[in-house]
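For reference, the chain that follows is the form predicted on its own, supplied as structure tokens.
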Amino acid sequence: MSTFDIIVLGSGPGGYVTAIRAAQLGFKTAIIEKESLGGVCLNWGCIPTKALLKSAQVFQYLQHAEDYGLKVKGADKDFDAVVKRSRGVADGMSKGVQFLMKKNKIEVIKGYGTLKAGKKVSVKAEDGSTTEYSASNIIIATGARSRELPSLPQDGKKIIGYREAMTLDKQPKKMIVVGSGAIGIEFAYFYNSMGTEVTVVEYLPNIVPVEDEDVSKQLERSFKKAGVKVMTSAEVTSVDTSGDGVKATVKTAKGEKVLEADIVLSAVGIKTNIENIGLEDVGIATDRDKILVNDYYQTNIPGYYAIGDVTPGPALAHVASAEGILCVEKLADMHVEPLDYGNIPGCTYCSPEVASVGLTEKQAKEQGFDIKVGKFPFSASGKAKASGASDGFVKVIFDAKYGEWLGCHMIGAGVTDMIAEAVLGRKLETTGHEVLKAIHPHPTMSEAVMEAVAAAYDEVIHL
């Protein structure tokens, strides 16, 4: 039996990053993967979707070339080529992870891993053979998949999840997107930009419901302007797939409506991959579809750890990576501190982009803070106007008493790259005054952060 210091089960952005950090720290490390290295994120999530979205953005630029004083004749899309490019980007990234495994001398074990008592993992290969491995520490990083609702049973053809949405044989003329979290919103933007008639159905009162209400309302305005139909406080109660297309019955405050489309995309959240991996055999505790862990990701059974989507934290790639690094650094007896889950940035890569960190205005008030709020619209930004991207704003929230940066919420072009300023500022306990006096380059989109802070402190210049 092969024995390791650390075995990682799953090779997504949690698993492979964990394995690399473990190897860097001198642990003899193995990683088990049943599909492709990189997991959902690299192969079916974060990376290939961004490739699709970039194609959509370029197509939009071509369609609006005259806005920039340019003439483009005959610009059209090739849906198959767009999908092919996305798959090529994903394949390249997966090969990059293969290289990193070799570079860091990590043993890659292909097959389906099942946990066993006594710190062992049984791996079933494609040929049906089974091999057992043991380790001093086993880290579970099996991730999650598209969640299915009883009213939306996915058949992979007419009612689909995110995987099928990335590789459709042909572009649908009409699509219903159920759910307006990051996955639903990104696909709604992509297909709308490609020319599909898109309707978004959201159960809650606002789209992107985890975001600040001002951001949700702005995105809804931008989407409607782009031709996306948005239905909030609405629920798909049933879908009829017996005809050529689909007929979705939607319950609203004003009664039921029947929507017709070619395809329904179910984007109603995720389901963790914790079934049939041996948790019950080992005795690992779970609650509401999540593996219970302490601040350093140890389960209730010594020697078994869990990170990423299978644990109660936010289901985000960068969170899984950070959790895995912290987990193995703790195993290496390094001085580490628990993650601050209040300072995790969230990003949605539609157009305009959405990015945020910290408390919303509503949450800050509910927690009893006396707050200062500042907002700066990109319509007043020279760089945004010159770029033809003046939709959106930056909104900041500070504690009036101590100047603590409680939250930052952005919607606009490129804001997913800008949010890191707020994350770092909050990590360093930066005050509003310090942000205001840190010189931001002109003309840039990032100036809007400084201007929003200035607005909070009644010092704004360009409004």
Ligand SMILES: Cc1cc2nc3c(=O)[nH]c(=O)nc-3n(C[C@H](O)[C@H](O)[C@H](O)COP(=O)(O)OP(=O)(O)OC[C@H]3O[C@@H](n4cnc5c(N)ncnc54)[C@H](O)[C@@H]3O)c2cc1C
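Not measured: the values here are computed from a predicted model. Start at 1 and count along the sequence shown; that's the residue number.
This protein has a second form, the form predicted together with this ligand, left out of what is shown; the following refers to that one.
- The stretch among 31-39, 405-413, 64-72, 418-426 whose residues place heavy atoms within 4.5 Å of this ligand in the predicted complex is 31-39.
- Of the residues given (Ala322, Leu316, Met93, Leu100), Leu316 alone sits with a heavy atom within 4.5 Å of this ligand in the predicted complex.
- Residue in contact with this ligand in the predicted complex (any heavy atom within 4.5 Å), chosen from Tyr133, Tyr162, Tyr296, Tyr203: Tyr162.
- Among residues of the shown chain, Leu9 is one whose heavy atoms approach this ligand to within 4.5 Å in the predicted complex.
- Although the partner is absent here, Ala141 is a contact residue: one of its heavy atoms lies within 4.5 angstroms of this ligand in the predicted complex.
- For Val435, no non-hydrogen atom is located within 4.5 Å of this ligand in the predicted complex, even though that partner is not displayed.
- Shown alone here, Tyr304 lies farther than 4.5 Å from this ligand in the predicted complex, counting heavy atoms only.
- The partner is not shown here, but in the predicted complex the stretch 111-126 reaches within 4.5 angstroms of this ligand through a heavy atom at Gly111, Tyr112, Gly113.
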